[in-house]
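Next up is one chain by itself, shown in structure tokens, the form predicted alone.
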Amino acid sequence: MTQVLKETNFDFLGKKKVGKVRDIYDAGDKLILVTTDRHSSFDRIIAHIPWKGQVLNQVSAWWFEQTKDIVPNHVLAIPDPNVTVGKKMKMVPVEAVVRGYLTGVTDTAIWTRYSGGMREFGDLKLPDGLKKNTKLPQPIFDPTTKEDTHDRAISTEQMVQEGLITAELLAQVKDTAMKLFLRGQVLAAKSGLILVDTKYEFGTDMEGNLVLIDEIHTPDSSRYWQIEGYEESLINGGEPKSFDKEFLRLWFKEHCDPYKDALLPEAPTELVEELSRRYIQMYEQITGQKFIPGESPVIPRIERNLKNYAA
């Protein structure tokens, strides 16, 4: 049975903060981010997907390397397949969302808002009568706030008025996010993929310089479609071939009330294995590299690789 990394408790690393997917250890001027195999949906953990953490960590590492000429990033070291050591930054309280296509199903999705009659998005005004999944004339910067409780979609003017960010820093965030997204689209296309939309998180260093933090262009932070078949799907009104995690969500919705039930049923093994296979496939398609599973057992391996970072 493949091992999964559910959680870590490395008390030698310093204070731990638990995120949805990452365990983050505060090591003074550094953060040690351990990406686990936790799979979150409905505001809770619904399953643990073998190799997911390694895929996310290594896809991010690859993209950080491909974009470091655009903006510095927080990466100091990748001492383990599941771990990134990053320089601690002051968080910029804005989630920089960039959208390249008219798509999505959530309340904040651009297609949902367009269907409801909205036509102006950032500095882009869209005509009537566009089809779902159409490529936008240019990518749009569509940021939300970054808050502990619930991110809010508010205008950039409101962000500045509320004192969340200065106009100068916001302009820099927008310019950098757009450059990262365009680089992402070009490199994804070489791998037969369309980078549809994504989100970036930024921090500032001691001198106030903008730095890219957290993750970049992973299958969790970004939507990808396969180029193959995209045009046909648009003509026929179908959905493009995508990296799809929705089947696992749907299974839970059919078998319980995932928002209310205290205990959830166990996810079927075959669905968990299929999702694991899809994560690995995305890693290989994005990076062009063969996926090499990290050595098991995983906890002792990580502990060994992090012993130099003891607090």
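On a predicted model such as this, the values are computed, not experimentally measured, just so you know. From 1 onward, residues are counted along the sequence shown.
Just so it is clear, the following notes concern the form predicted in complex with a small molecule, a form of the same protein that is not shown.
Of the candidate stretches 131-139, 117-125, 88-96, 230-238, only 88-96 has residues whose heavy atoms lie within 4.5 Å of the small molecule in the predicted complex. For the three marked residues, I110, D197 and R223, no heavy atom of any sits within 4.5 Å of the small molecule in the predicted complex. Interface membership of L33, defined by any non-hydrogen atom within 4.5 Å of the small molecule in the predicted complex, is confirmed. Residue contact check for I299: none of its heavy atoms lie within 4.5 Å of the small molecule in the predicted complex. Interface residue remark: I213 is counted as part of the site for the small molecule in the predicted complex, having a heavy atom within 4.5 Å. Among heavy atoms of H217, none comes within 4.5 Å of the small molecule in the predicted complex.
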